[in-house]
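Only one chain is shown below, in structure tokens, and it's the form predicted on its own.
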Amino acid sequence: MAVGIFDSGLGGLTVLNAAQKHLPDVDFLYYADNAHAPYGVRNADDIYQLTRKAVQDLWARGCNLVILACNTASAAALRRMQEEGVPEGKRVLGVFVPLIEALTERQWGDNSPPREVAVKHVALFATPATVSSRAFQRELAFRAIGVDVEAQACGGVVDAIEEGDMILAEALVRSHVDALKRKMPEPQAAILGCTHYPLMADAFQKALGQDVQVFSQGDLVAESLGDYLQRHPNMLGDGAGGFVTTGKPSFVSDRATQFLRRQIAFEAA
């Protein structure tokens, strides 16, 4: 009875880790498309085709519900997949919704007109593909007015994290925060719009300053998933949990073990 979690690489493990802590009785099947990572530098059609193939594989493995634990895939592929139709009894969800619910203090099912919210100046740190999609701004606009979002494409951060070079990743975070602050000197809140970035949350917070509220996705997505499964228990499929990758399993397993600091064993997808 597994829920599928998909990411282009290892960033989605931050969502998996939070989901396993929040929902200890639920099995999860994690699918990493390492052979084609990173997605953040690909065009929208490439991202859609790769995401669609992975999600279909997870459905075939018995996961009725698949979480796109990848902001790039959520931005570039989710809406198109939903518009083109999802098989009966299957669902695919992204990771933007819980963030926007937290930022606007408003449930997703609340379809009242957009309204003013407390936070007026928001910094968005994301991959180049997520930034260029403007998907976060579009979804936020349905629920809030008067919010100034300044986006910063954080090139190189995902690669550095995936390669285990946290010193480089921290230096890149400082550089990207400096670039953002030249455009928005005093953000009130910051969105870590990539599931890799929670690993660098302390670096983002330090560079931004303690008065900036930093939103990352793991716990927010886990809480939202728990609520969704309570309302839709039939979305627990009949597949088995585990870890699969399109990359080299031994290499990805080593990286994932370092990433989560616990033993992770991937199999070939």
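Position 1 is the first residue in the sequence shown; the rest follow in order. Source: prediction; values computed, not measured.
What comes next is about the form predicted in complex with ligand DGL, which does not appear here.
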Residue (of A77, C194, L99, V131) lying close to ligand DGL in the predicted bound form, criterion heavy atoms within 4.5 Å: C194
Heavy atom within 4.5 Å of ligand DGL in the predicted bound form: which of V177, L103, L124, V158 fits that? Just give me the one. V158
Would you please decide whether P38 lies within 4.5 angstroms of ligand DGL in the predicted bound form, comparing each non-hydrogen atom pair? yes
Within 4.5 Å of ligand DGL in the predicted bound form, heavy atom basis, the matching stretch of 6-14, 257-265, 242-250, 21-29 is 6-14
